[in-house]
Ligand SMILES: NC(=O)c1ccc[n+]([C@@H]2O[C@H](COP(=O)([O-])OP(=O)(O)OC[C@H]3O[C@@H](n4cnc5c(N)ncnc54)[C@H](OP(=O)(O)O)[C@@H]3O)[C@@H](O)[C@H]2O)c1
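Form predicted on its own, single chain, as structure tokens, below.
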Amino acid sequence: MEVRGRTVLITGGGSGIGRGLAEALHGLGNDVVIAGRSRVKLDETIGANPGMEAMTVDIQDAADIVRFAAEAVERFPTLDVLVNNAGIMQIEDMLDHDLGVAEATVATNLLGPIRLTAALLPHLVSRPRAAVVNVTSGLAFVPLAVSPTYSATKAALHSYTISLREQLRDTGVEVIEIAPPYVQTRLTGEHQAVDPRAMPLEDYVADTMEILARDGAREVVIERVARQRYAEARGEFDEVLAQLSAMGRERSAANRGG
């Protein structure tokens, strides 16, 4: 993807990987718009990056997404890159029969990107060149059992991305998937931001930007996540699943304080 001279909209751009990508793209001279529900996080990010813009959207709300997309196109008519990054991840106990977490996760991680892409696609197709970038996860390929719905939504978004790319093959819209590994962000809490097993955010963003800038790149799979991405093809699925499950049980026990 051409990473200069673009107008980029990034959901979940006020923190974590979204903020890292926003700052990297902003640093290359692009016009960057970040979006999210937390005005505090958005204001903090644009305050640290003069010239960056911010808009609020409730990515779980279908009507608000329609409102947001129309406003984004009106305010930023040169918009030509959408980065679907907003996401939530929580531990779930399948035996407690509470579907609240699952439903919120599906609405945010899967329906959100689908709805926003659909709302912006007529505009993106009209641009001389455009791109839809979907942020999935290594867990799209080997799930983390303690976060089943998160893993499932990322697997579904991976499949959706492939279909979207195929449907848009005769347009000027590139469709790219970014599949992060375990990164030092606050996605699952403060512990993740300092977990030595997680990849430093700055390093991850640098590696991602290097691949993203390559001509013809359709997937951004850095070395740190390659084992998950290709586990099934390499006959390592059960082994990787067992390792992730052990880590998940440890995390779940820590959350319970036991």
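Sequential numbering from 1, following the sequence displayed. Keep in mind it's a predicted model, so treat the numbers as computed, not measured.
There is another form of this protein, the form predicted together with this ligand, and it is not shown here; the text below is about that form.
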Although the partner isn't part of this model, could you tell me whether residue 88 comes within 4.5 Å of this ligand in the predicted bound form, counting any heavy atom of the residue? yes
Does any heavy atom of residue 101 come within 4.5 Å of a heavy atom of this ligand in the predicted bound form? no
Residue-level question: is residue 248 within 4.5 Å of this ligand in the predicted bound form, judged on heavy atoms? no
Does residue 30 reach this ligand in the predicted bound form if we count a contact as any heavy atom within 4.5 Å? no
Assert contact_stretch over 120 to 128, 93 to 101, 173 to 181, 67 to 75 against this ligand in the predicted bound form, heavy atom within 4.5 Å, equals 173 to 181
Quick one: name the residues from 184 to 210 with any non-hydrogen atom within 4.5 angstroms of this ligand in the predicted bound form. 185, 186, 187, 192
